[in-house]
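As structure tokens, one chain now follows by itself in the form predicted alone.
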Amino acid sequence: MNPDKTALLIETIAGMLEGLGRVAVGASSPIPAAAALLARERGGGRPALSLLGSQAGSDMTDGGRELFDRAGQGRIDAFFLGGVQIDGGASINLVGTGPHPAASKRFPGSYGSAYLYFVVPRVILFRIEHTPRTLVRKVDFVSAPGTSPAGVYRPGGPYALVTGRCVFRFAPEARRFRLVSLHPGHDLDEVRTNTGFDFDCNEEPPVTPAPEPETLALIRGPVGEALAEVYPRFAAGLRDGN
């Protein structure tokens, strides 16, 4: 990926984490992990970070099981989820595409996504690929629903969807996304064409702010250094600006 786009995504997500107490990051999530580290660097140690697979960057000692325990106790303020498919109601599919159970393509599975989606107050959906095959009207299989019926206890849920083209925020009352910014080089017609669900937006959405030089220095410096423990190749690219 273009290094400028990578830095933009890191900065965009980091801004959503400011002021929180604790952020958790799961496996295979280098950009969310970098964003959490950036937010912690700028916040003087806050938010605290539980980074799966890290010893230096996390105080968890029991891996995923401890992550689930903390989330259920209300001790995780933000988490990240993705999906093979994400639909307009913020439901995600991590199982496979095509009619279930005879899916045409199968993927690793839902793991604890439904549980975490229900108990973490600020779940940020992240998917770089922004095409009609990934952002769909309705997912083929619901690994975790974006919303729940009235009366269902659910302190957690979707907060935003960040893609390689734009940023959406989720409106719980409307149960749909609203486009809040377009990344540099992308326009509204392009986003509409590449999004399989309807969404709300202003006639002229703003451009996602690019990171300031000071932020780039943090990303290429202490953030990249801290990230290298879990994602050494990705971190090397950050530090080199590649």
Partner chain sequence: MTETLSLDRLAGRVADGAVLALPPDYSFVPMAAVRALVRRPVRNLNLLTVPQAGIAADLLIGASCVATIETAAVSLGELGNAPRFTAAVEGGRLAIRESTCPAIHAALQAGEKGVPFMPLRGLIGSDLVAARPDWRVIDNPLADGGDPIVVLPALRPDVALFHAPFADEQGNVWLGARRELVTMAHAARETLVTVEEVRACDLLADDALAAGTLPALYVTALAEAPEGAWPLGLPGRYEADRDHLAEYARLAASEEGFAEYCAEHVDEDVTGLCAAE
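Keep in mind the model is a prediction, meaning the values are calculated, not measured. Positions refer to the first chain, counted from 1.
As for the form predicted together with its partner chain, it is not shown, yet the points below apply to it.
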query = Check Glu66, Gln73 and Pro108: does every one of them have a heavy atom within 4.5 Å of its partner chain in the predicted bound form?
reply = yes
Only one of 58-66, 193-201, 180-188, 213-221 sits within 4.5 Å of its partner chain in the predicted bound form by heavy atom distance, namely 58-66
Whether Gly89 contacts its partner chain in the predicted bound form should be assessed with a 4.5 Å heavy atom distance threshold; does it?
no
- Query: Could you tell me if Gly156 has a non-hydrogen atom within 4.5 Å of its partner chain in the predicted bound form?
  - Reply: no
Check: Quick one: is Val142 in contact with its partner chain in the predicted bound form, heavy atoms, 4.5 Å cut-off?
Finding: yes
For this session: Look up in the predicted bound form whether Gln85 has a non-hydrogen atom within 4.5 angstroms of its partner chain, and give yes or no.
Result: no
